[in-house]
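The same protein chain appears twice below, in two forms, each given on its own as structure tokens and labelled structure 1 and structure 2.
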Structure 1
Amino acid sequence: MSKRGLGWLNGLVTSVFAGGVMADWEINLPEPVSPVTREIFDLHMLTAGVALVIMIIVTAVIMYSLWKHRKSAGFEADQHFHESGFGKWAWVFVPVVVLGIDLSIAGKAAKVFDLVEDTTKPELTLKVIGSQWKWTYEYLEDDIRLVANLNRDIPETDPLYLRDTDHRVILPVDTRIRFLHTATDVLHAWWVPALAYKKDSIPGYINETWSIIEKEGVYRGQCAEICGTGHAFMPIVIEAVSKEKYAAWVQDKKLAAAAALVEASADKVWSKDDLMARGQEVYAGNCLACHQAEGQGVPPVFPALKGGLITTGEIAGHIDIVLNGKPGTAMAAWAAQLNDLEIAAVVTYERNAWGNDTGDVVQPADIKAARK
């Protein structure tokens, strides 16, 4: 091998086996913490084990045959092998053994399938909605809605880069949870290997999975269906807590939602500074993924809002596109997703940030009036 080739190999070996990398270098699937993922894990270990044994036997037979029947030892091929009893029956015997192994794996796999599809009797139902590029969670029994965006403050050097979100999905342990999967735009797939198996999120369809989380902790996953340029930016972070902690979290969430509703619908007139501060938060949580941090967008797919015709033009047109979206494009209608205060704040923000400086201030009452 050339010197250059060796240098390259050396680089590869040292980078793979360098201490830090080696420390959390896991070869197998993540440790399962739910009944159904454990069954899948066991099935994976069974098939991998069977494959390993077969590989060892076949390799050994090949090595032995090559060595035993080598020409230098004067070996001559047996011209009458097929006439012996073994020569006749081996062709039947070997496939029967292989089929037997296959069928025993298939039997086990069929049982796992039954378990996977058993989405009956849930104690808690979480609707998981995939969108470009975020996950929205609806706790159906408790009427809680949660939007999880990529946490953009994690540097590239951090192991959690692209693996952390701004809001965690809180779920109770030892509870039978049903996940309902759907999407608003294109195919996505919600996948947390330790807890639940992969299932596509399809616009207009509902798919189901289920889980019982057996251990408190933080579990991570990703979108597992390529869904566009931001596919890598929709991680999943689940925090499993005790049932008591979960109940307290639900209570807090409900109180906060009620307070936000009261605040948004009160006919209060807000100062520009307050609206700008709020608007920046709303923008970061909902709009930044497409329109970007400096409002520069990703033309031609996502228009720039900095110096945009709509963001610096008529206020009514601006409010209209945020409330109702633009059908047939990735610009969603936000009317049902954001309250009057949030929309007023984000519109005010977009009209004054990044040098747009229109000086316009939009109040929640204006949004209320514009809603159809």
Structure 2
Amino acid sequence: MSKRGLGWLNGLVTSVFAGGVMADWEINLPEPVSPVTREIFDLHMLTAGVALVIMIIVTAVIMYSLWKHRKSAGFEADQHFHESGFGKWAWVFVPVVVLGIDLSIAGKAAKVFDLVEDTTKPELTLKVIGSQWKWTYEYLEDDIRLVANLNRDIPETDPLYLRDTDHRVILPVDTRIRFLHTATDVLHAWWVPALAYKKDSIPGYINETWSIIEKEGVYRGQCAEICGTGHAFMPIVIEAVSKEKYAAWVQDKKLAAAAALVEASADKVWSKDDLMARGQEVYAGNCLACHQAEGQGVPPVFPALKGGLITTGEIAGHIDIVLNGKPGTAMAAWAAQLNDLEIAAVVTYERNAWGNDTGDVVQPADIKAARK
């Protein structure tokens, strides 16, 4: 039977037994678009096919036995079955059959495991950092940093609800990509079934996976490790493009970063309105996942910023905790991740949003002085 046939047969059995619990009709793994996920998919189909055949045979034998040997037909149990040749040798025959089935799968599985652990030198390295509840991506060769949060503007009726992000991860096709996985707080797991296999993201530890994306398109995934109350709000969106488009995207990101750095380092005095607008963008991209849209936080892990001691207290203390974080807590240091303008803007925003209304305005020069 072909793989497609096995897939349909497996799907039919699944639909019969799963019934109302199925979310949709996508009852198999997504189409693989990389060498390693294709091998994993083939192993999955082989295992599913073998299991399906075994289930059909065993079910048929059970149904036949129940019907043939029913009491109403006058059947009496054979009290000496164990003395027959079959009764004696079945204890050897059955384990040999089971072992043979296992070995038929094990050979294929060993090849897949070897492929998974292949450490051939990559052309591109992407560091993936999981945090509650967002993903941070660092393109190590190009010095590009990208933070991806859940796109909260999509309504519940939309098919992409909880499956879209505010920023997509752009990657080139036909390029060997190494993914380095880690986390800042708890266990996460970055998983895009079509192009990359699952490995845990562990705080203080680096795990490695790889992929060669063979087809342009948009591929979606999700955090696959229960990481807290926001676990469902960590989607992954990969956009695979041609090498030429990827090179142009990298160039655009570098130019934008350089322009932002020049803008942040200028001795310009910003208006409160401009800082609030910029600060809202910075907050949405970096702080919202933990401290929530209205600054209510997720106590006690992520304290409320609305009416909080930090956001309504001394400005110097507020700037210090944003720059340097707070050891022993989930509050990370942002000094190396945000420029002076971004930190000044987000501090100004937090001190004047959600009814805090302190009236305080923090300028990039204040942040520059605090870094020294």
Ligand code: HEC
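Just so it is clear, the structure is predicted and the values come from calculations on it, not from any experiment. By convention here, residues take numbers in order along the sequence of structure 1, the first being 1. In this text, the rigid core denotes the largest set of C-alpha atoms whose superposition between the two forms falls within 1.5 Å.
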statement: Block containing the form predicted in complex with the named molecule is structure 1
query: Hey, with one rigid portion rotating against the other between structure 1 and structure 2, which of Arg145, Ile310, Asp164, Ser104 would you call the hinge?
result: Ser104
field: Smaller-part rotation in degrees, where the chain is treated as two rigid parts between structure 1 and structure 2
entry: 9
task: Keeping the rigid core fixed, work out how far the Cα of Ser72 travels between structure 1 and structure 2, to one decimal in Å.
output: 4.8
